[in-house]
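So this first bit is one chain, no partners, the form predicted alone, shown in structure tokens.
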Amino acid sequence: MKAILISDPTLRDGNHAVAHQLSAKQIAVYCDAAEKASVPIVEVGHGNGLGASSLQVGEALETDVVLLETARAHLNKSKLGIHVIPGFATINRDLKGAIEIGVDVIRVASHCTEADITQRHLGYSREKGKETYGVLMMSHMASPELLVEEAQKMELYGAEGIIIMDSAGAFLPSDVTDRIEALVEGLSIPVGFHGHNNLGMGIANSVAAIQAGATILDGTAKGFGAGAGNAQIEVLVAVLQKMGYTTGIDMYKILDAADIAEREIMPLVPIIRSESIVSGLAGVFSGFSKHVTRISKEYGVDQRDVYFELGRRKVVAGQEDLIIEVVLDLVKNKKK
């Protein structure tokens, strides 16, 4: 039976769904459940990762220190993971402190064409002896060939594996197959996939990824995540089991963890709303959903138009300030 490594970003990607307002108590409750289920990696933090709490992308209820110290106290067998985007997270202020708290797994992420910015963070994480991965976000915006070039840079910088993120939920299975096959052929380290569900393809795309050679998958409880949410971890575990793969995760206990998450940390279970479909079609970062909904309503514009214009401008995570610019341009054009 082939082993698949599962990483669970319920307490990081899911933070997007609640405007980064997960509490220490909620972190503790889910970490306990994930630990009982033997989830290999539990990723914790602000939706945009370490050091990202800000007015621009959203202020978190709890500090990184509180989130990580709480998780560390409730995880023993399960590894504590973090998401790190250079520019949000600095080495001296953020990454050093997280390592001192005791994080086990560090994922250093960049936009899919900007791997150059990860060199120092990847190198520092490896130097400190941490399990270190490179992450290419918004991967639908690059060809398979370009993704391989960027991933090879991360491998050179010290990444022990590469994960591509379908951050906008824009892929179909054939898109995933093309990219994962190219990465597996072009790298000498493991390859992984992080799926979103804007077009209802989260699980199908994850299956396509492992069939193309990926050995790392991400999933969240009940799909808890930005926009329409992520591939559901409890469904992933069940499907992988049915396909003959092993994850080391207890089936009953991950189902329990998902129910606990729904009860204790999720105001609503993610569903594929109309705006989520448009976001997927437009190729717009799922984490923009709350901002787009709020600003569109405030100015009386159709949020579907906003998504397509953001997609046309190739706006990416960290450029939340451009949402208001797009909305104001649409208002101006409407008056002409």
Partner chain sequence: MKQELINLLKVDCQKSLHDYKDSLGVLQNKSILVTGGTGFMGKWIAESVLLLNQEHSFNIKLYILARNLLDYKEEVPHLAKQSFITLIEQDVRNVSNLPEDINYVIHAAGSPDNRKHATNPLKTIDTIYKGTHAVLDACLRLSALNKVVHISSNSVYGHIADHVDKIKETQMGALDCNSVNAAYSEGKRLSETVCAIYRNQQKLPIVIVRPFAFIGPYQGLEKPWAINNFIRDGILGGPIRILGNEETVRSYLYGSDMAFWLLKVLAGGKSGATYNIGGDESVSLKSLAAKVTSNFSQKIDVLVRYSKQYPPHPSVSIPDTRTIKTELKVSQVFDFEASLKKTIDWYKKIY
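Residue numbers count along the first chain shown, from 1. In this text, all values refer to a predicted model and were calculated from it rather than measured experimentally.
What comes next is about the form predicted together with its partner chain, which does not appear here.
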Whether Ile189 contacts its partner chain in the predicted complex should be assessed with a 4.5 Å heavy atom distance threshold; does it? yes
With a 4.5 Å heavy atom cut-off, would you call Asp116 a contact of its partner chain in the predicted complex? yes
I'd like to know whether Glu127 contacts its partner chain in the predicted complex, with contact meaning heavy atoms within 4.5 angstroms. yes
Within 4.5 Å, heavy atoms only: does Tyr133 come near its partner chain in the predicted complex? yes
With the partner absent here, would Lys153, Ala159 and Val184 each sit within 4.5 Å of its partner chain in the predicted complex, counting heavy atoms only? yes
Sole residue of Gly200, Gly248, Gly213, Gly97 within 4.5 Å of its partner chain in the predicted complex, by heavy atom: Gly213
Residue among Asp178, Asp256, Glu262, Glu149 with a heavy atom within 4.5 Å of its partner chain in the predicted complex: Glu149
Heavy atoms, 4.5 Å, its partner chain in the predicted complex: which of 159 to 167, 220 to 228, 240 to 248, 83 to 91 makes the cut? Say which one. 159 to 167
